[in-house]
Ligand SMILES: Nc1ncnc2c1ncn2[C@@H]1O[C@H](COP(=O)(O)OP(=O)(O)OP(=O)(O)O)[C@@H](O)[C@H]1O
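For reference, the chain that follows is the form predicted alone, supplied as structure tokens.
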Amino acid sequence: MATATPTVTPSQLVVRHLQVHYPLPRRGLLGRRGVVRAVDGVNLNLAAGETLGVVGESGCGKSTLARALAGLESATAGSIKYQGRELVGLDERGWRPLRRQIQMVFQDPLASLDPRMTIGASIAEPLEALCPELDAGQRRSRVAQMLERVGLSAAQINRYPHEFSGGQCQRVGIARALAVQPDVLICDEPVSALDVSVQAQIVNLLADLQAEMGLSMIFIAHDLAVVRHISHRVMVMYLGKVMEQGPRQALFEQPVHPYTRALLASIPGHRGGESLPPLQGEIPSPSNPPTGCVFATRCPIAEAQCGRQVPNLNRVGHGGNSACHFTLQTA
């Protein structure tokens, strides 16, 4: 199913200069203590009713970004604002009332469910913690409604996760996240552990639920075809930084950044934009990123200045932004 273009609305999430760094053990008594720069200066806006797709190779910081936005990882620096309220620096007590507004669907559906709890109990758990206005009967009714809405049966309410397939367990995870009726849903590679035929069912379910409930959604994946199907806008990450972001159709058909173009060229049959040779080598370590542009060590058009100077995220012709010194030449 095709996604509709959302109307312009105020942003639900506004993220500026977000950093999530992890300190490394000190090497020797006098050695310097390094850091892993998992997320390093990310900016994004998420409008009401919009899906922002986030793509990039493994290790680029997508999942760390998701966990930071959901309050499951502490930010080192920067700002995350939900409807104008600053989230960075909140402790668990400060986050608690916001758990109802910002929910997450995890990558591994089986690992995200307690094997000792029935699926009904798993879906009811956030209702008990976050919706005190509901009594036991109302919670059970909400659980049954959510099971039906995600394509399962209310008669399965007392079954355990091991009695379901991976796709069915992911439906349970979606029901659990949406039971509290959040405004923002963060999906961290929710279909990567599923069979291809089941992936399409889950993606279509999420798109339908978004339209029905008016959700704002961040959808993280490494499968570009899936991201293109569900997203309104797309953000491309590499080594903790944003390389390019823009409207879905424009970014797929007129990619500007060399990294985006190389990613899209890896899709069989993709015709959008000028293709580049396949990328060589591996992503550098986030504990020792290149000086200057982080993509310079693998970029087929890199020049001397790329290794010295960090590029700005410049406005480009497709209506988005690109972090490349040669944006004007490649746009």
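Start at 1 with the first residue shown and count on from there. Bear in mind that the values here come from a model prediction, so they are computed numbers and not experimental data.
One more form of this protein, predicted together with the ligand, exists but is not displayed; see below.
Quiz item: Is Gly61 close enough to touch the ligand in the predicted complex, meaning at least one heavy atom pair within 4.5 Å?
Solution: Contact with the ligand, yes.
Quiz prompt | 4.5 angstroms heavy atom contact with the ligand in the predicted complex for Pro286 | solution = Pro286: yes, in contact with the ligand in the predicted complex.
Quiz item: Taking heavy atoms and a 4.5 Å cut-off, does Cys299 contact the ligand in the predicted complex?
Solution: Cys299 lies outside the contact set for the ligand.
Quiz item: Is there a non-hydrogen atom of Ala38 within 4.5 angstroms of a non-hydrogen atom of the ligand in the predicted complex?
Solution: So Ala38 counts as contacting the ligand.
Quiz prompt | 4.5 Å heavy atom contact with the ligand in the predicted complex for all of Tyr22, Glu189 and His222 | solution = Yes, the whole trio is in contact, each within 4.5 Å by some heavy atom.
Quiz item: in the predicted complex, which of 40-48, 53-61, 259-267, 300-308 comes within 4.5 Å of the ligand (heavy atoms)?
Solution: Only one stretch qualifies here: 53-61.
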